[in-house]
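Below you will find one chain, with nothing else, as structure tokens; this is the form predicted alone, and questions on how it binds or moves follow later.
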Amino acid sequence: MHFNAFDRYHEKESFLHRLDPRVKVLVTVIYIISNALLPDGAWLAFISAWMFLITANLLSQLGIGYTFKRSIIALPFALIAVTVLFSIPGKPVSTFQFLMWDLTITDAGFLRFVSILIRSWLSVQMAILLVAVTRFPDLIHALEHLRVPVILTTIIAFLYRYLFVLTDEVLRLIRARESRSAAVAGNRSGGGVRWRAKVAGNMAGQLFLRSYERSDRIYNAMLSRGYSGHLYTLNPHEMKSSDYFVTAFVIAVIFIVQLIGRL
């Protein structure tokens, strides 16, 4: 599997692509925190935050609906907050029975649930845009410049770099299992659930051992080539006056969005 299969970066000559990665990471974090701090039902503020996102999409030259289409897949994960529909006190909206429980949806619970969905949706879109306009190595170095612990950034960098290697290992293990599980045409190969669980456990153990041995070899190879615990880059990441201006402008805009949400 090719390394770029995991890379969502899109090469463009846009305003956002030229920004310093530290600015893009910082703005993304501030934007996500701002969404989390907005009160429930702050519809005008939510619309303002979405307009900010649409403007960023246009400046990236990726299209106005680039992040919108890709963020829908993340919405089901926000459904974990469905319990707030019944746990927040308020006026009853609807009542239904689930197994042995009588559940009542309240207006306050429904408002909280919809607000959580919107916050999650906007935040996911911003994260998608960050990855689309910033190379992954630049993201890692931006995190280092922003004083994120080195051990954390190093683990993320190596996980990203060798994820495709682990995928290849898994595919080889699956092929080996299939080659040893012949079946008559029309019948499913292998045994029952217990057999499959045992085989899956053995495959997981083999994957762990192979990964451990490979990581040891890679680390020794890195040490022999002068690795000292720090990842270097050819990009100097020098902040320009436009980067400072954009950071200040975005912080001012997000502050205004927070004021709008509290009117």
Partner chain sequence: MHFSPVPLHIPDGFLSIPISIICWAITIITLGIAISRTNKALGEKQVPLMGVMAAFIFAAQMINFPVAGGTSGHLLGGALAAIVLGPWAGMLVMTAVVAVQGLLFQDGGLLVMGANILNMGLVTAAIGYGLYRAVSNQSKAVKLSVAGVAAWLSVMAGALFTALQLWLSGTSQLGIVIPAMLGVHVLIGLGEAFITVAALSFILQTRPDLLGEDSESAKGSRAWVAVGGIIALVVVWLSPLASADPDGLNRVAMDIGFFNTAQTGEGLLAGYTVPFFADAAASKIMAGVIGVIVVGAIIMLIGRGMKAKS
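Residue numbers count along the first chain shown, from 1. For the two forms, the rigid core is made up of the largest set of C-alpha atoms that agree within 1.5 Å on superposition. Note that the structure is a prediction, hence the values are computed from the model and not measured.
A second form of this protein, the form predicted together with its partner chain, is not displayed here; the remarks below concern that form.
Trainee: Going by a heavy atom distance of 4.5 Å, is Phe96 a contact of its partner chain in the predicted bound form?
Mentor: Flag for Phe96 set to no.
Trainee: Any chance His145 has a heavy atom within 4.5 Å of its partner chain in the predicted bound form?
Mentor: No, His145 sits far enough from its partner chain in the predicted bound form that none of its heavy atoms falls within 4.5 Å.
Trainee: Does any part of Lys69 reach within 4.5 Å of its partner chain in the predicted bound form? Heavy atoms only, please.
Mentor: No - in the predicted bound form, heavy atoms of Lys69 and its partner chain never come within 4.5 Å of each other.
Trainee: Does at least one non-hydrogen atom of Ala81 fall within 4.5 angstroms of its partner chain in the predicted bound form?
Mentor: Looking in the predicted bound form, residue contacts with its partner chain include Ala81, since a heavy atom lies within 4.5 Å.
Trainee: In the predicted bound form, does each residue in the set Phe15, Ser48 and Ile54 place a non-hydrogen atom within 4.5 angstroms of its partner chain?
Mentor: Verified in the predicted bound form; spot residues all out of contact, no.
Trainee: Going by heavy atoms, what in 25 to 51 lies within 4.5 angstroms of its partner chain in the predicted bound form?
Mentor: Contacting residues: Thr28, Ile32, Ile33, Ala36, Leu37.
Trainee: After the core is overlaid between the shown form and the other one, has the C-alpha of Ala81 moved by 2 angstroms or more?
Mentor: It does, since the Ala81 C-alpha is displaced 2 Å or more between the shown form and the other one after the core fit.
Trainee: Ala132: after superposing the rigid core, is there a C-alpha shift of 2 Å or more between the shown form and the other one?
Mentor: For Ala132, whose C-alpha is compared between the shown form and the other one after core superposition, the shift is less than 2 Å.
Trainee: Would you say Ala108 moves between the shown form and the other one, meaning its CA shifts by 2 Å or more once the core is fitted?
Mentor: Comparing the forms between the shown form and the other one, which are aligned on their rigid core, Ala108 does shift its C-alpha by 2 Å or more.
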